[in-house]
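Shown here is one chain on its own, the form predicted on its own, set out as structure tokens.
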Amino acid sequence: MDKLIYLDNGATSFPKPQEVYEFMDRFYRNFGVNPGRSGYDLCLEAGAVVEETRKMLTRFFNGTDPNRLCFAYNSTDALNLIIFGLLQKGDHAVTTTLEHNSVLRPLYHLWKYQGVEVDHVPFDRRGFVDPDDFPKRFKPNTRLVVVNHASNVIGTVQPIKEIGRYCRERGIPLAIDASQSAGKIPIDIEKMAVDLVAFTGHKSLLGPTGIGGLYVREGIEIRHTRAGGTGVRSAQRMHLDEYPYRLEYGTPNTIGIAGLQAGFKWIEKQGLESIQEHEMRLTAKLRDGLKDLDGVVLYVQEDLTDHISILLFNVDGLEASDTATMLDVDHSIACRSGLHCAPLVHEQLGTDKIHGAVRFGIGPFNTEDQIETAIHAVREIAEFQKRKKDRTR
């Protein structure tokens, strides 16, 4: 384990800051009760951690009402609340080919079972969508635009502010999937004209798995698609309309929220810009080390402007899964291969025909030595593959 080089931070960040482990343990040992359900001290202390985290994240997104910061299991859960809560039969939605299945599949289900129309805006050769493509696809029945803020496959950060301006002019809600971006780059819903943010805690926010959420801007109302306990006004038959109860159901993941708070405090202490600068410096080093290797193909990495620390590649002639296995078994490097739950990206790149690609995801705890080792490992695999091909000629 000590020798492992973890380059799968696009899937989940690992390791977490020591403060996350320590705070989660201390919190759960001392205040691991159900918040908001009773008036005794432990319950109030647990509730205070939940509400403090709500306020911290609201400030981070530049929201105005902490009650509209609603916790969920992860960004997939949050996106389901948004998509199924805003779209219904006869509606139209606009999204992109950069989306994760957390967006694609809910939209597909709505298309298949309720006839919701869906348009997908493609990305260009640099990995960005053109904001001007969005208003061309708007219709009188367009009820939602949803965009992956930062691609989990190619790492490009989309021009949300420009897209948001078009949506705001037409009164169409804009939702962003901030799974990869929250905790890496600033998100200001006012400046970006964003109405809904879906986020997860276990990636760049450096929290544990099983916690995430959404922020809902004032004026946007999401229909109930679930109902259950809230611990508040239990005699009321219908699920509560006010936030956060409107979109929170049952006992919250309090230990997850505690870990999320600790991860966010670590990010604040280090500084968002400092973390991003470190990760992108390593990404540039990795890109520069791989781009001239014979037999290595990089995808959408020519310019790292408006990128997060994700790099996609293949070794010519090798299945992506075989490359990843060799990196793991022979070099103790953990990474992700395949379609990365984003099939339309790979279809547009053409990598779907070769079963995807290999993804390196760099995090705040990776080092230059680890990146040099990764470059050496890929070079060794590419040279091995080349010798193998030469012998078969």
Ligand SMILES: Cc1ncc(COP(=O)(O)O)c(C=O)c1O
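A quick note: this is a predicted structure, and the numbers were derived from the prediction, not measured. From 1 onward, residues are counted along the sequence shown.
Only in words, not in the display: the form predicted together with the named molecule, which the text now covers.
A.B. asks: May I ask you to state whether H100 is within 4.5 Å of the named molecule in the model of the complex, using heavy atom distances?
C.D. replies: H100: contacts the named molecule in the model of the complex.
A.B. asks: Quick check on S75: any heavy atom within 4.5 Å of the named molecule in the model of the complex?
C.D. replies: S75: contacts the named molecule in the model of the complex.
A.B. asks: Do S204 and the named molecule share at least one heavy atom pair within 4.5 Å in the model of the complex?
C.D. replies: No, no contact at 4.5 Å.
A.B. asks: Q158: heavy atom within 4.5 Å of the named molecule in the model of the complex?
C.D. replies: Contact check for Q158: no, nothing within 4.5 Å of the named molecule in the model of the complex.
A.B. asks: Between S309, T95, S179, Q261, only one gets a heavy atom within 4.5 angstroms of the named molecule in the model of the complex; which residue is that?
C.D. replies: Of S309, T95, S179, Q261, the residue with a heavy atom within 4.5 Å of the named molecule in the model of the complex is S179.
A.B. asks: Taking a heavy atom within 4.5 Å as contact, would all three of G10, N148 and N152 count as contacting the named molecule in the model of the complex?
C.D. replies: Yes, the whole candidate spot contacts the named molecule.
A.B. asks: Within 4.5 angstroms, counting heavy atoms, which one of the listed stretches 252 to 260, 218 to 226, 236 to 244, 100 to 108 is next to the named molecule in the model of the complex?
C.D. replies: Single hit among the candidates: 100 to 108.
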